[in-house]
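For reference, the chain that follows is the form predicted alone, supplied as structure tokens.
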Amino acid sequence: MTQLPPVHVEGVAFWTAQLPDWQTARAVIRGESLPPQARIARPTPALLAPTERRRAPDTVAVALEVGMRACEAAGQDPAMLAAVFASTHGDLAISDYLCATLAATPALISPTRFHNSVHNAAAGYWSIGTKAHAPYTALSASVHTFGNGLLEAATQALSAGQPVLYVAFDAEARGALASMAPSRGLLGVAVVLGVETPAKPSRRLTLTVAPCDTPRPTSARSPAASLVAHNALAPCLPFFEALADPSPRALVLTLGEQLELQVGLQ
């Protein structure tokens, strides 16, 4: 069992079609308001030039939206932050397109879609849009993605002694891949993790890596759970339920088949 020194949650962002910002999501999670009935169109990534904005897939759009909102909430310059980007599947709609086109008419592959198919596409767009020279990491760990990304971001923040942006996202699966790697809707979340106590109130986060025989992740229980339950990134919701609760909370995220991340929020 390994416990990391505490870090602080300096800024939070959340986006899905019915919960398009953290304020709305927090109110629904707390049971203070009902989920909006209207579904919002995907975010428009203002960081990008108009041509890039039109070409950017949903995964890039939502990743850039929550990344920028988390930086604004934290009062941090996004160009100065190292970043961790995590996605369970990347963009499966583009992957399905590539597979289908290669099987039928390979000469018609779109260079733009191929460019957007790589797992670090969102991170690349982020570094271009923010003009950031700080390093970024792009990772995937199947159903354990969110916990591993959170651990990576906290470890980097502690190692460097500097705030780190953590962005996680997943989108709709399409075609044959959807039967093997199901995901519905579009979901993006982000937090800025810092090592120093910020001037404004914040949540202190303690992470402990522990072996286990069978992972028992904390289940989402708030009214927001049904809105994201079928997205591949749904395991992130208990963490944001804990953030929405001002009282101390503890939860468990999975890191692997025999490894878990015990999370404490003060």
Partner chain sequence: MAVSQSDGERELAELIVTALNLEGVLPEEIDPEAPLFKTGLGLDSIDALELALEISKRYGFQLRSDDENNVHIFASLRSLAQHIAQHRVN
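Given the structure is predicted, the values throughout are model-derived calculations rather than measurements. Residue numbers count along the first chain shown, from 1.
The next section is about a form of this same protein that is not shown, the form predicted in complex with its partner chain.
Enquirer: Tell me, yes or no, whether Gln37 is in contact with its partner chain in the predicted bound form, where a contact means a heavy atom of each within 4.5 Å.
Expert: Taking the distances in the predicted bound form, the answer for Gln37 is no, it never comes within 4.5 Å of its partner chain.
Enquirer: Answer for Leu108 alone: is it within 4.5 Å of its partner chain in the predicted bound form, judged on heavy atom distances?
Expert: Judged by the heavy-atom cut-off of 4.5 Å, Leu108 is in contact with its partner chain in the predicted bound form.
Enquirer: Spell out, yes or no, whether the shortest heavy atom distance between Arg216 and its partner chain in the predicted bound form is within 4.5 Å.
Expert: Close contact is absent here: in the predicted bound form, Arg216 is far from its partner chain, nothing within 4.5 Å, heavy atoms only.
Enquirer: Arg54: heavy atom within 4.5 Å of its partner chain in the predicted bound form?
Expert: Answer yes; at least one heavy atom of Arg54 falls within 4.5 Å of its partner chain in the predicted bound form.
Enquirer: Which one, 112 to 120, 175 to 183, 72 to 80, 159 to 167, holds residues whose non-hydrogen atoms are within 4.5 Å of its partner chain in the predicted bound form?
Expert: In short, 112 to 120.
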